[in-house]
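Take a look at this single chain in structure tokens; it is the form predicted alone.
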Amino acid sequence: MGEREKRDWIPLLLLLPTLIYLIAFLGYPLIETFILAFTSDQGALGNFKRLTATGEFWEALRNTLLITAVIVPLQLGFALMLALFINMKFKGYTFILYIISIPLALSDVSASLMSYTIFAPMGYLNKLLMNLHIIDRPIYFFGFTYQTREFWVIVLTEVWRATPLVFVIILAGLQAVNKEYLEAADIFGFSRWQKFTRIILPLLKPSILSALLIRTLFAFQIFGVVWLLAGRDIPILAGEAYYWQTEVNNSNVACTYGLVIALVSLIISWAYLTFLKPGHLEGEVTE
């Protein structure tokens, strides 16, 4: 083998560990998921028919979409305001930046346990309110009877836990905005609102699209926070997949739930990339 042929093989050898990892930990499980999902006594689509024929599936789908529709806009709005605030680079802004970024180090399990210690019947919130004589008895946030309260505790937990991720992406986009645009806007007498709507926001579209796509996909696959705080009181798609796998020991239905999650995630990704695709950065700045 010549020296040139050896050099041609080097990139393939360097990629080999990655290819082995992808095949072993992604490719094989994905193939097995398809096989199990389409294996049923009622035919290839038997598991899908079984899902759609029950109210549990539709309730889980509705709850998953509802949670996603509530937390993603809230996270985007809070992240945008925080990014604009931090981008002012006032004295001590780095300290606030570190405070905002703390939840990035927490897992969904840790965040859920922290929320539970706050909102539990004898948690910090109830103890504080009773010590201040605002309430006489604990306020219950968890349990099948209090599904609405559970829902909003889940929303608060997710917004606090995952907003920093959106914040970091948008802040990076803000810092990449060409300062010459803003200086020109000052010369032409643009107000802060005009600079935001006509210059900053159009140039932030790629960052906003990336943040929206990542957070929507993660929100649609939410599991740990909901399962630990509400269990099956608020059924979600990922939670039902876990339930069918661990409690019912039915891998076929669990894999079917997994494929449904993957399918809806692909549809969401396609919708974002199709309808929110940013144009050329220079051309997006309105005159």
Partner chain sequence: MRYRIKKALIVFASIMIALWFLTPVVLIVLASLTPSSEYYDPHKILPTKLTLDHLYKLFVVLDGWQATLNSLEVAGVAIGLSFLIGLPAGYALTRFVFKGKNFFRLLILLTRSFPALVMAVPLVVLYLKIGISDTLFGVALAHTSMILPFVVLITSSILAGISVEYEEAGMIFGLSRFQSFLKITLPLALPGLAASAIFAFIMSWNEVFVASVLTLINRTLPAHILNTAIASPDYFKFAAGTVMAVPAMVFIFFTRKYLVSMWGISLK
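Here, rigid core means the biggest group of C-alpha atoms that superpose within 1.5 Å across both forms. Treat the numbers as computed from the prediction; the structure is a model and nothing was measured. Residue numbers count along the first chain shown, from 1.
Form predicted together with its partner chain: not shown, discussed below.
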(message) Contact check in the model of the complex: 48, 58 and 271 versus its partner chain, with a cutoff of 4.5 Å between any heavy atoms. Do all three pass?
(response) no
(message) Which residue, 201, 184, 156, 84, is the contact with its partner chain in the model of the complex, using a 4.5 Å heavy atom cutoff?
(response) 156
(message) Is residue 33 near its partner chain? Define near as a heavy atom within 4.5 Å, in the model of the complex.
(response) yes
(request) Flag residue 151 as yes or no: does it have a non-hydrogen atom within 4.5 angstroms of any non-hydrogen atom of its partner chain in the model of the complex? (result) no
(message) I'd like to know whether residue 19 contacts its partner chain in the model of the complex, with contact meaning heavy atoms within 4.5 angstroms.
(response) yes
(message) in the model of the complex, is there a heavy atom of its partner chain that lies within 4.5 Å of any heavy atom of residue 228, even though the partner is absent here?
(response) yes
(request) Work out which of the listed stretches, 193-201, 143-151, 108-116, 67-75, brings a heavy atom within 4.5 angstroms of its partner chain in the model of the complex. (result) 108-116
(request) Output the sequence-ordered list of residues from 159-185 with at least one heavy atom within 4.5 Å of its partner chain in the model of the complex. (result) 160, 164, 165, 168, 169, 171, 172, 175
(message) My question is whether residue 29 is one of the residues whose C-alpha shifts by 2 Å or more between the shown form and the other one, given a fit on the rigid core.
(response) yes
(message) On a rigid core superposition, would residue 263 pass a 2 Å threshold for CA movement between the shown form and the other one?
(response) no
